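Let's start with one chain on its own, the form predicted alone, as structure tokens.
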Amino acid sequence: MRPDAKAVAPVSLNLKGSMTAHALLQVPAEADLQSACQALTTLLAEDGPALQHTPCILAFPERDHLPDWLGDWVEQLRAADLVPFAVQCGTEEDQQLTHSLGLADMPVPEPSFRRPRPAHQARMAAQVPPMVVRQQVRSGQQIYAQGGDLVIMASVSAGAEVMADGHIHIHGDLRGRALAGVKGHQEARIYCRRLDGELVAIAGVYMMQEQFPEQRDQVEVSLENDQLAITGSTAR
């Protein structure tokens, strides 16, 4: 080492699992590149600013293989300021195509993922005592109530994430992320005194802050016909 060279302190990298907000962008089986681009233009005309720089998982349901125009589709999305980072695919050939585009491969969800749980599983979940958190959930914290409900007696700060296999009851304000029914329980609910969160989700179906209605007080979030429904009162 030269006398004037500066010593570099050793560092270590921490790789941690985390649930982050992203969009699942599905292209119908009958679509080709031209019709997909036309649909993208319509989508951006309606929600363009809210979608800028949104991370996206690309999905092509009811297809045996990824379309041969996947690379062009990725370029179109990037040109529209979206950020595709992964593709749902099921074959080794599709995985190789995905990797060649610099994207990650993700498994295609099983068709049964969104089905209601059998009655005996629902009874077992009902027997699990709820997890009760009495203090505020602060930014950076992640809390998961496995197998049951989560009850938070205070607020959830921005940057925090709370999850439960069952319902989530927040007696204060929700400013972070709340994900109920994370193992596919479609009857799960999210309740909070005030909704100012970053994201809410039930059984894998999510809604981001830009999509929240004006009714933000005494909120109930439920899953109806594969879409989230938010009911509450308008803040005065």
Partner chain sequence: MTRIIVVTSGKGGVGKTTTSAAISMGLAKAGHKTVVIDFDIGLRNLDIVMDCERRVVFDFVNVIQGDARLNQALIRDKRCDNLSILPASQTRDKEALTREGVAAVLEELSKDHEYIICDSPAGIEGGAMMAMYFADEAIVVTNPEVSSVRDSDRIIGLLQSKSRRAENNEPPIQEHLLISRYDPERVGRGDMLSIEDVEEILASPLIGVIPESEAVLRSSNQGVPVILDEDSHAGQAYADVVARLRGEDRPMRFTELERKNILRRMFGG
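Residue numbers count along the first chain shown, from 1. These figures come from a predicted structure and were not determined experimentally.
The form predicted in complex with its partner chain exists for this protein as well; it is not shown, and the discussion that follows is about that form.
In the model of the complex, does each of Gln135, Gln141 and Asp173 have a heavy atom within 4.5 Å of its partner chain?
Yes, the whole trio is in contact, each within 4.5 Å by some heavy atom.
Given that the partner is absent here, state which listed stretch (202-210, 173-181, 28-36, 66-74) has heavy atoms within 4.5 Å of its partner chain in the model of the complex.
Comparing against its partner chain in the model of the complex, the contact stretch is 173-181.
Although its partner chain is absent from this view, report whether Ala158 comes within 4.5 Å of it in the model of the complex, heavy atoms only.
Yes, Ala158 sits close enough to its partner chain in the model of the complex that at least one of its heavy atoms falls within 4.5 Å.
Quick check on Glu198: any heavy atom within 4.5 Å of its partner chain in the model of the complex?
It does: once its partner chain is placed as it appears in the model of the complex, Glu198 has a heavy atom within 4.5 Å of it.
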